[in-house]
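One chain is shown next in structure tokens, namely the form predicted alone.
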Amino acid sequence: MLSFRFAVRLLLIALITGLTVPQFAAADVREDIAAVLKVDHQARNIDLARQGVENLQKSGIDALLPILNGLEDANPLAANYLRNAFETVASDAVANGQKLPVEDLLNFVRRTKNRDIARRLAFEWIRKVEPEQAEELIPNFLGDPSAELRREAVARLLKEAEQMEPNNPGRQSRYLQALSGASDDDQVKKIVAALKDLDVEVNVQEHYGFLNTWHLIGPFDNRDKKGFDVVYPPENEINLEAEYEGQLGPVRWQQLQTDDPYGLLNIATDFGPYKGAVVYAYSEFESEYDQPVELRLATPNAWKIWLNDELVFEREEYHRGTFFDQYRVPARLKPGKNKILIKVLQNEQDDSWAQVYQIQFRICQPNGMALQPAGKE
């Protein structure tokens, strides 16, 4: 709802110019959203953004869709401001007995090209004001690009399976259906355990798309952590037959395959408990066509990643902990063979917790679902 003073201002302007109030209101909303989007990650233009939010909060329900669309190009700080503006407008409208534009919000959620955070926000408000319509949306989320919305569909199927009698044959199909959309590890573990009780084994490596076959070479010198910027031979060429001078003598590539369900490649135990060392891990991935992906890595060690000879990301940090999908690097695969090279560095700390030397790596779709190599069913 427009504030009284704001409405009067618009009316006067409209009378002077001959244009309609909605035209002015829409223009003001666009300008206020543009002001919010000018704030950057260092909080430059923050006063402008705050004024924009304050104006938007008084703009009424006609501003809701433009705010959602504004989230498309928003950085994290601007997105927080726009979300705040949306929440305030929606809350005030509901408190004043106004109806939100639910049909517009439903269409916004259904359009999967809209940004995930905006679709999620719209869905949350549909759920608040029209819970039955929100519930009807959920089954359609199972193959959704948004991990958060997909989680809703998986949770629904899990609940349905758990409420069935133990001997109901529909339980297994519900769990398998849930697994097809699950990428959050807590849900995957729950499904895998339930299917195991039904004598169905799940290949977790394949479900997530972990790379399990690697060629390793090393160690090269990283004493005093000086190896991070040193260009050792594998960074110049990938020749799996080559021999190079390493930290402790000549080194050659060795192939290792991990059968860990989560694709964990334990360099310390399977290759060598080296300290002050650099080890390179190399693998290949066949892609059917050019496509966007995410390279997802977990390691407590310093690292660099090259995709097709191009350095795509690096992080010089040791033993700050590790967890599933710790690092997410947007990348693009080319058709055919893609080369992945990871430089993994261990320092010389002798604390018991600093002996971990490992990587876990997968290539997945940007939505977190596994990407299978070309030619694999």
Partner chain sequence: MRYFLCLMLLALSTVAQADDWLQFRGTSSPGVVQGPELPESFDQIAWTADLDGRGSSSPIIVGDKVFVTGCEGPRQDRLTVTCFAEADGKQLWKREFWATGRTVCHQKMSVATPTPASDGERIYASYSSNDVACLDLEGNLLWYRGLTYDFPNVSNSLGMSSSVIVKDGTVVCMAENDTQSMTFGLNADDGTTKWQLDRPRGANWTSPIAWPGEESIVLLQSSKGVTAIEPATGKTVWEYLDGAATIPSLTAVNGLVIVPSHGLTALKPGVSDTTVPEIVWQASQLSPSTPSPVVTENYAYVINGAGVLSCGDLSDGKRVWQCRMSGKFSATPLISGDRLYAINEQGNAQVVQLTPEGGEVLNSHEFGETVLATPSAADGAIYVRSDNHLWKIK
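None of the values given here were measured: they were computed from a predicted structure. Under this definition, the rigid core comprises the largest set of C-alpha atoms superposing within 1.5 Å between the forms. Positions refer to the first chain, counted from 1.
Omitted from view is the form predicted together with the partner chain, to which the following refers.
Proximity to the partner chain in the predicted complex holds for none of Leu216, Val230 and Pro233, with the criterion being a heavy atom within 4.5 Å. Site annotation in the predicted complex: the residue of Glu31, Glu316, Asp350, Glu310 reaching within 4.5 Å of the partner chain with a heavy atom is Glu316. Taking a 4.5 Å heavy atom cutoff to the partner chain in the predicted complex, the contact residue among Ser91, Asn212, Ser287, Thr112 is Ser91. Note on the interface: of 98-106, 140-148, 238-246, 255-263, the segment with non-hydrogen atoms within 4.5 angstroms of the partner chain in the predicted complex is 140-148. Taking the partner from the other structure, the partner chain in the predicted complex has a heavy atom within 4.5 Å of a heavy atom of Arg83. Taking the partner from the other structure, the partner chain in the predicted complex has a heavy atom within 4.5 Å of a heavy atom of Asp40. Although the partner is absent from this view, Arg332 stays clear of the partner chain in the predicted complex, with no non-hydrogen atom inside 4.5 angstroms.
Proximity of Pro250 to the partner chain in the predicted complex falls outside the 4.5 Å heavy atom cutoff. Taking the partner chain as positioned in the predicted complex, the residues of 61-88 that bring a heavy atom within 4.5 Å of it are, in sequence order, Leu71, Asn75, Pro76, Leu77, Ala79, Asn80, Tyr81, Arg83, Asn84, Glu87, Thr88.
Relative to the superposed core, Pro76 undergoes a Cα shift of 2 Å or more between the shown form and the other one. Positional change of Lys337 between the shown form and the other one stays under 2 Å at the C-alpha, relative to the superposed core. Comparing the forms between the shown form and the other one, the C-alpha position of Ala277 differs by less than 2 angstroms, with the core used for superposition.
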